[in-house]
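What follows is one chain in structure tokens, specifically the form predicted on its own.
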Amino acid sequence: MTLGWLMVSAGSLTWGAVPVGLEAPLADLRAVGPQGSGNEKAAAAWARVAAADGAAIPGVLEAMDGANDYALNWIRLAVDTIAQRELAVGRGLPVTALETFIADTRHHPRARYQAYELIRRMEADRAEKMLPGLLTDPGNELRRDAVQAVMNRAAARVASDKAGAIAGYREALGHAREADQIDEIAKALMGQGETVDLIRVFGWVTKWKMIGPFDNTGGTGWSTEFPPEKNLDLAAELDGKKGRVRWVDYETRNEYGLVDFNTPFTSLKEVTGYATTEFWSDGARTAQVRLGCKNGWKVWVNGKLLFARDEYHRAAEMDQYRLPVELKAGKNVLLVKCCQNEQTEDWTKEWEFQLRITDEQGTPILSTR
């Protein structure tokens, strides 16, 4: 199939190199939306795209740039179908073109990773040689595979070269961005007698001012604007749920950055608490506030509400919520509201959160003060 060119706006990006004859069906796939919107047209469009030959794969992958998650699934499946058919009849895939596609980090990370998987299926040694160049890749999946390769080499050296193995694990730790992989590397290092400062590796915000408890009877506290939301005065003495309350200093030493309201205020139910801190940035920049919390919560930065969830005791995960934020140069003020509900089972006693600030890839950004 001959390749042509079509430029279609996708936010700040464009996609081109679309195979001739697939412009319209790919546009139909990109138009798919939630609740089945566009699915009828997409089914016919998918059949046309999936019938293309292997040379079309890079252009089809490029159509993932700027696409929504629904469209990504349709396009990814079409690429897999093309590849399986080509390999089943003994034809190869355009490996060089796929490698060029991966090298352009402007492409969608899921598209680039799918291209890498296709290369690995065709030429495993070639894919392996690409990994060192992907250790700082902005796509988490590609970076993860590259880090895993460093971990594997380190593990293979443990018995014969302990110092080399430790150096390898340290290299992997410096590039890892996902919690489970960082945990695995940390355990491997500790197994070799090394210490790992997980607080710094993850970049947790550890020093806070906290105040509470305020009321949350019947869940009303989540939507109530208590004084810290209106005027953040750290010298104030305020009316709490059962008397006057003041701001107190708090520093977490938990390796996973857990900020526990039960520590200064004791284990309480149907209550609301606040935590605030100053985060200093060496310049204005985009970032993410990454939060893990199983309580009802709200987060403000510099007085602007970023996001909120009125939900209790679902499973908490690291980086459970990723909130885009624009940091100012200099001081930025963070405020977290955390509510506890009426449940009394042991597994509902947690009144806590964990928070860090990162770039889009999960690289920690540390306060300069």
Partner chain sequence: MKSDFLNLSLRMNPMKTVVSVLGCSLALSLAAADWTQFRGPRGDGVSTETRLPTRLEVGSVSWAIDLPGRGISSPVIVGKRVFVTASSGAKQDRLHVLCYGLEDGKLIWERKFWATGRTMTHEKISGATPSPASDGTRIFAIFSSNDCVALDLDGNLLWFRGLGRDYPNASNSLGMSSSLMVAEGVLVAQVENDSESFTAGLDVKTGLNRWKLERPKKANWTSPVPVTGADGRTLVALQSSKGLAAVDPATGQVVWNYGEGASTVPSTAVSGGRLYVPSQGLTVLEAPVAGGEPKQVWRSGQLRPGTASPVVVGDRVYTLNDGGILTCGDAKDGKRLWQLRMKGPFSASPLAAGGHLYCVNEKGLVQVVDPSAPEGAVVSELDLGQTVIGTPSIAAGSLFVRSDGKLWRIGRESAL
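Values in this document were obtained by computation on a predicted structure and should not be read as measured data. Numbering follows the first chain given and starts at 1.
Below: the form predicted in complex with its partner chain, not depicted.
Shown here without its partner, the chain carries Ala146, Asp183 and Val301, none of which come within 4.5 Å of its partner chain in the model of the complex through any heavy atom. Proximity to its partner chain in the model of the complex, taken as a non-hydrogen atom within 4.5 angstroms, holds for one residue of Asp215, Glu171, Glu86, Glu117, which is Glu117. Taking a 4.5 Å heavy atom cutoff to its partner chain in the model of the complex, the contact residue among Lys209, Lys241, His175, Arg110 is Arg110. Taking the partner from the other structure, its partner chain in the model of the complex has no heavy atom within 4.5 Å of any heavy atom of Thr344. Among heavy atoms of Lys331, none comes within 4.5 Å of its partner chain in the model of the complex.
Its partner chain is not drawn, but in the model of the complex it has a heavy atom within 4.5 Å of Leu72. Interface membership of Ser267, defined by any non-hydrogen atom within 4.5 Å of its partner chain in the model of the complex, is ruled out.
Contact with its partner chain in the model of the complex, defined as any heavy atom within 4.5 Å, is confined among 232-240, 98-106, 130-138, 78-86 to 78-86. Contacts of stretch 311-342 with its partner chain in the model of the complex, defined by any heavy atom lying within 4.5 Å, are made by Glu311, Tyr312, Arg314, Ala315, Ala316, Glu317, Gln320, Tyr321, Arg322, listed in sequence order.
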